[in-house]
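The form predicted alone is given below as one chain in structure tokens.
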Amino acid sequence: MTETRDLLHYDAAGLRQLVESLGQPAYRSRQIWRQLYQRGQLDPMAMSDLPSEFRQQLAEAAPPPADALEVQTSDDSSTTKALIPLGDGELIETVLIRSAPRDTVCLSSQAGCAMGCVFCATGLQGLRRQLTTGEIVRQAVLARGWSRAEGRELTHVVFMGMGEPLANYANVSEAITRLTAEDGFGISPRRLTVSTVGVPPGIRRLAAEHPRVNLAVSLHAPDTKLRRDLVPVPGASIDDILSAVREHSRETGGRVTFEYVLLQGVNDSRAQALRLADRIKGLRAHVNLIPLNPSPGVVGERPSRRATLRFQQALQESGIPATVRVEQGRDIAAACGQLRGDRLRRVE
């Protein structure tokens, strides 16, 4: 992997060292930090509060990252999806979702994914590598720029893009710190969500280190055997995952969201809904039902609207709050991994 060298690569201490190595006073690093995280300026040459000679030095030492390779906006303008090249040629996806009064960015945490969920386009691509903290944060900076160009403001951040966030914990954790810092990006932790397929040690660590951040768990089945068919991750059973979730809930006092992709005839029966409700009873929880978004190569069929509502009703009758996700961006391949997969197929 070619090391990323743009300015977002550096934490505050590293940025100060870079500035001093270029013969500048330490306070210049604070000016650069504000440019990056509050103004969203990634090009050193455009940082107008820096001396012109220093801007040139900075641009040579830490050139700005490449622009998005491809940007698509849905017909109803609710969703923008970008394909972003990394310094070593890898590609990741970032999605901006507009749903008044919210603007939400969906971040990727890995190039590809090792989890292998059979219904996910990213899972078909395998894991290429972890993203650095700077590569994660850059996606939020870009998305906020898109929002501001429309007179709006980015309000929410979700780690629901490519990759398993808790399998890249160190970089995701540092990204959360920068995104929620008052002198950084400034997003409230309560408006940031980390979604995981269920990594118990990571769930516990997230509760200890970022207790105000929201947790979402992709469950997809009420029993371990079926879940391992759909999400072939070795190790943790549903019991292990739910034990970690209950600890997280006790530690943080927060509500957990369970994400459940519905596949026709596989995990969408009323009996399975009742079993799921029994599994998560007693938790302060909400279930987000997601009818499968078909994509080339993924397993499964989209359930009928009737089956989806039947599943929702069974959960609600059991006392479990449940909603069906409002889908946006289907016309621009907005599901995780679809745009990257389309691009890779075009260049093969």
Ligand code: SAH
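Keep in mind the model is a prediction, meaning the values are calculated, not measured. Start at 1 and count along the sequence shown; that's the residue number.
Missing here is the form predicted in complex with this ligand; even so, the following discussion is about that form.
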Full three-residue contact with this ligand in the model of the complex, heavy atom 4.5 Å, for E164, H220 and V261: yes
Answer range among 30 to 38, 312 to 320, 283 to 291, 54 to 62 for contact with this ligand, defined in the model of the complex as heavy atoms within 4.5 Å: 283 to 291
Heavy atom within 4.5 Å of this ligand in the model of the complex - residue from A140, V256, A82, M160: M160
Residue among Q272, T104, T132, S195 with a heavy atom within 4.5 Å of this ligand in the model of the complex: S195
4.5 Å heavy atom contact, L276 to this ligand in the model of the complex: no
A175: touches this ligand in the model of the complex, heavy atom cutoff 4.5 angstroms: no
4.5 angstroms heavy atom contact with this ligand in the model of the complex for C120: yes
